[in-house]
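In the block that follows, a single chain appears as structure tokens, in the form predicted on its own.
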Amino acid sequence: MSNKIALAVHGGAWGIPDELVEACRAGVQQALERGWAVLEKGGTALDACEQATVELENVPVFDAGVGSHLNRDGRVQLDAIVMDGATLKSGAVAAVERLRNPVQVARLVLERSDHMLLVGAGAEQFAVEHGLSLCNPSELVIARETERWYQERASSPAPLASPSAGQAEGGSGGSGTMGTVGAVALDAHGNLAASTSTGGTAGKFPGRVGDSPLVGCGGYADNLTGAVSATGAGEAIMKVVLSKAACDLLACGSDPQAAAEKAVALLQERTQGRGGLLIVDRKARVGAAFSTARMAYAFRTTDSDPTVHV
């Protein structure tokens, strides 16, 4: 059993406006505390990642769970993944509309299914059959995103359906595309895990699935190298399989910080896409890099005190 543990969480790499900095800071700090409490008690890396990500999904300032961006038709469609570094098995869901915490269902897919990715109504049916309750889609919609949707509709020639206006709860104001959330962890048993959750891009085509629930793109974990959670331009991240690319850099001898920086540089050079990622390696070292204006993230290890960046 390893004596060292580590956890890193993020609320996305994006152009975080000044007025949302403190809300993002508080969100990632709370997620770190929730996940660290799991590790500190000898819990698994999977449990820590799931609990940290649930916390992030519940904070409306982030683009995951409640408060996510609306698609072209004015609906929230969510994606999430969890991956176990010991087995290389992942569980993921995509394009779900009635799951308040999709990362929980992704965990169920990992542990109680032979499959690795379920989508839409099938993923929601799987959740119900395994004891989870569905929410009303309107519960995921907040005033900030409804307002954004109407602004985009006014400037778009494409006809759009009306969102769940009037049923949405208020949220934090601010402009810019918000960020995907995620977590990476190393537990005391030496096992690594990663999780990522998102509402995707604002105004996306219905049914669009980005990088977040795809193995090696939005997240990856391998006990031989490290665990990665990525955020940013989904179609660009998919082109370079960003999270797996970062793990491959670890395998080639890069330390986590160097691997993170090289992976983000690769994303920029090959796709002109922007984004960020977090890495925890099997030695409990952390790496973080991003090419956007800001990234909200926090980490803690056996060898370092809690650290929060926005």
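Heads up: residue numbers just count along the shown sequence, starting at 1. Because the structure is predicted, anything quoted here is derived from the model rather than measured.
What comes next is about the form predicted in complex with a small molecule, which does not appear here.
Exactly one of the stretches 229-237, 182-190, 110-118, 139-147 approaches the small molecule in the predicted bound form with heavy atoms within 4.5 Å, and it is 229-237. Although the partner is absent from this view, V93 stays clear of the small molecule in the predicted bound form, with no non-hydrogen atom inside 4.5 angstroms. In the predicted bound form, the small molecule sits beyond 4.5 Å of every heavy atom of G85.
Using a 4.5 angstroms threshold between heavy atoms, A194 stays clear of the small molecule in the predicted bound form. In the predicted bound form, at least one heavy atom of M178 sits within 4.5 Å of a heavy atom of the small molecule.
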